[in-house]
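One protein chain, two forms: both are listed below as structure tokens, the first as structure 1 and the second as structure 2.
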Structure 1
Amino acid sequence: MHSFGYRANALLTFAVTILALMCAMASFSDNFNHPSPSSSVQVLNVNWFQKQPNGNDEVSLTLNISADLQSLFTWNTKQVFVFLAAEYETPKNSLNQISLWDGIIASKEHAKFWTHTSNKYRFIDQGSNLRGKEFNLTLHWHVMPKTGKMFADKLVMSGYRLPKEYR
């Protein structure tokens, strides 16, 4: 009953249980954080807007994305993955979400940022529906913890419209 094996086993089990409990509590503490992020995006330029040989519309934009995501960070946050998606509806598709840009914010200091960039991923439609199309730009973020549950949310910015003609 008091051999080394039994003691080592009991100690190990206890240590693992305490560790699991601490991870759960750390994750639970994230629920007490009430974030208030803000962001704004301007479409600075429509670089070009063409119909590809396969019939799909493609547009290239230059964007100015600025955001303040500092309130999302807690002590249990490892990083925040943020991306900007264009969201719109077409006759064939009830929802299209195209990620235009993404970035990783590793610390609270970098969470208040702005970036002037063209779209990192190609904005291609399934079909030829983009002329004059009204779309939303939604900033999504994904809080990845050091341990435990991940949180995701978004901020919808509407009122953007693509040109009526190709250029």
Structure 2
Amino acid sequence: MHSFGYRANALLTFAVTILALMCAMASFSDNFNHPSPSSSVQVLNVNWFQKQPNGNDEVSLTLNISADLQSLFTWNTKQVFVFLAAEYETPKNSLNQISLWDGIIASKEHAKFWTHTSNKYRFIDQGSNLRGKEFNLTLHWHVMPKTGKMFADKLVMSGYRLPKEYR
């Protein structure tokens, strides 16, 4: 007959194999979710737009951010990291991204939100390239599952322009 050690080893190996199979199935099931998130951002006010002593442009904005990210949540979703970025082009760089606001959404119940805020992080350009500049506001999100790979996507909202003069 087999000893207690052999039987415990067989049982543990079987349990770990089943657990790995369940994790793989959970991760695979996320491929069948087709989310349709929505978002809108309003720039209510340019609080200030100034040139710093070192020559860099700095902007402070008041924003209304609303989003419905509930469709990103499945039974395998642990949390969603979301952030709003200003994106624009300069002669030196084809893409400049500046994070203005971020948050962590821990549950589906909190995934439909509206917030009135000033930019959480400083909107600074290295140089004086922001006067009259068109820019996009892009809502990025990263879905962090309980098991499996992370998913990331974004919604681009265009049609924003900064003032031509400093305030």
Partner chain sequence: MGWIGETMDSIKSLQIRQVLTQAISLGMIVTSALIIWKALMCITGSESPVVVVLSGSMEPGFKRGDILFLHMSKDPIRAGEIVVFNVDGREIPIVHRVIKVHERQDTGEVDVLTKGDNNYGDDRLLYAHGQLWLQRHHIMGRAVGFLPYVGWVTIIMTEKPIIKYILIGALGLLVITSKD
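Note that the rigid core is defined as the largest set of C-alphas that superpose within 1.5 Å between two forms. In this text, all values refer to a predicted model and were calculated from it rather than measured experimentally. Counting starts at 1 with the first residue of structure 1 and goes up one by one along its sequence.
* Correct structure when looking for the form predicted on its own -> That would be structure 2, which is the form predicted on its own.
* Taking the rigid core as reference, does residue 152 move its C-alpha 2 Å or further between structures 1 and 2? -> No, residue 152 moves less than 2 Å.
* To do: On a rigid core superposition, how far has the CA of residue 16 moved between structures 1 and 2, in Å, if you could check?
  => The shift comes out to 2.7 Å.
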